[in-house]
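This document starts with one chain, in the form predicted on its own, laid out as structure tokens.
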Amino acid sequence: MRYLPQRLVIEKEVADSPLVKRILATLPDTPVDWVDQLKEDEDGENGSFLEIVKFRGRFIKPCPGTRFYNCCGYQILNLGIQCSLGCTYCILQAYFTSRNVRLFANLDEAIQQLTEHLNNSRREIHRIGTGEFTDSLLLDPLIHLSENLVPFFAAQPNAILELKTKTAQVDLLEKMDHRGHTIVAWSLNPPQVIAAEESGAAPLEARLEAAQRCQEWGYRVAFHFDPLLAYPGWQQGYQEVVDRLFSAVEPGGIAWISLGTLRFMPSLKTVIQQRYPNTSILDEEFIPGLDGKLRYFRDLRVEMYAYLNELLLGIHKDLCVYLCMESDDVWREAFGFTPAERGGLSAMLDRRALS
């Protein structure tokens, strides 16, 4: 489902940026409000405005993990915030008061900061993604951001770009010389979960068809079963997803697959109840984790992880399957080992990124 804003709100300072010019040319009939500086509480009905501003902070930061759980060492390239796909569980609802998608127009400064970061860092490999605070491909048909990022990363000897999405908007990726330095990733859930809890996202079949196309174009792909949702019949539902996944893609071309059960900050619960009163995702029992987020009980998390891991490795034993933000004891109980026994989670994924 293509994102089409009902109104553009643009800071005058970025009026001459290539990104703004492209958007105005693509959406010539969309009303535009020119402002000196965007108000933080500006909000369109149901987040229907696209805000375009100059970002004045650091574009690249480490993933905000916690010392209590194993973190993957991912780095975030932040080029915009918010999402219009309407997932009931989305943590961005607790991070940002406005529902509007906000895009940072000063892409040249972002690329400059990224270049300096890569040149000055001592890391041997950088796994960098744009899908932490928005969907990586949500705006791509509108702004063609992949045309800037994919060639940039293709020229970097020690950096991998991961584009995470729930869309099927991959057309622009077909003709690019990515040189294996871009991984395209999808979040997956059973069709009934997508229909009920991810209503604005692409159906499962469309996501898998897009992944198949990307593999045909030489891209490695990745998948994130996150959040896993414990609903009646979840075992059969995720079995179906795994079956359909490997009917669409070649397992040898999968960089990694992550597993993570539903977890959220306590403040998000009220937001979900207000915005999505008919959702059932809050029906399960939750307990506070060491990071303060509400999680399923440990026994249920372990059961879900072990079940999915067995399904996945039963298809292809050399898949790289990992847990997102879980402790060593959960890893050992669900997988039979801890990341430290294999050099650490970051090292495990770095090896896959380089392979």
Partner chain sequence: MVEKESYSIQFEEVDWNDTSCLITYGPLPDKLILSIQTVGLIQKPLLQRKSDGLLRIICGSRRLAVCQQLGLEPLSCEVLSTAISPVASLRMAIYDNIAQRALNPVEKSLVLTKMAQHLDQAQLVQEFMPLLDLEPSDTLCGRYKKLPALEEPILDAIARGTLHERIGFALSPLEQGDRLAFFNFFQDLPFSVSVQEELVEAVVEIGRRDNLTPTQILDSEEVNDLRRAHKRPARQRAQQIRKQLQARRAPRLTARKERFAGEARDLGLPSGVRLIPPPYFEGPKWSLEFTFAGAEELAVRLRNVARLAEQARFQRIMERE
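Owing to the predicted nature of the structure, the values given are computational and were not obtained by experimental measurement. Residue numbers count along the first chain shown, from 1.
What follows is about the form predicted in complex with the partner chain, which we do not show.
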property	result
Exercise: residue 318 in contact with the partner chain in the model of the complex, heavy atom 4.5 Å	no
Any non-hydrogen atom of residue 69 within 4.5 angstroms of the partner chain in the model of the complex	yes
Contact of residue 308 with the partner chain in the model of the complex (heavy atom, 4.5 Å)	no
In the model of the complex, residue 125 touching the partner chain (heavy atom, 4.5 Å)	no
Listed residue that, although the partner chain is not shown, lies within 4.5 Å of it in the model of the complex (heavy atoms), from 171, 209, 284, 108	284
Position in contact with the partner chain when the complex is considered in the model of the complex, options 97, 267, 119, 273, heavy atoms within 4.5 Å	273
Stretch in contact in the model of the complex with the partner chain, which is absent here, among 22-30, 308-316, 285-293, 48-56 (heavy atoms within 4.5 Å)	285-293
Those residues of 289-305 which, in the model of the complex, come within 4.5 Å of the partner chain by heavy atom	289, 290, 295, 297, 298, 299, 300, 301, 302, 303
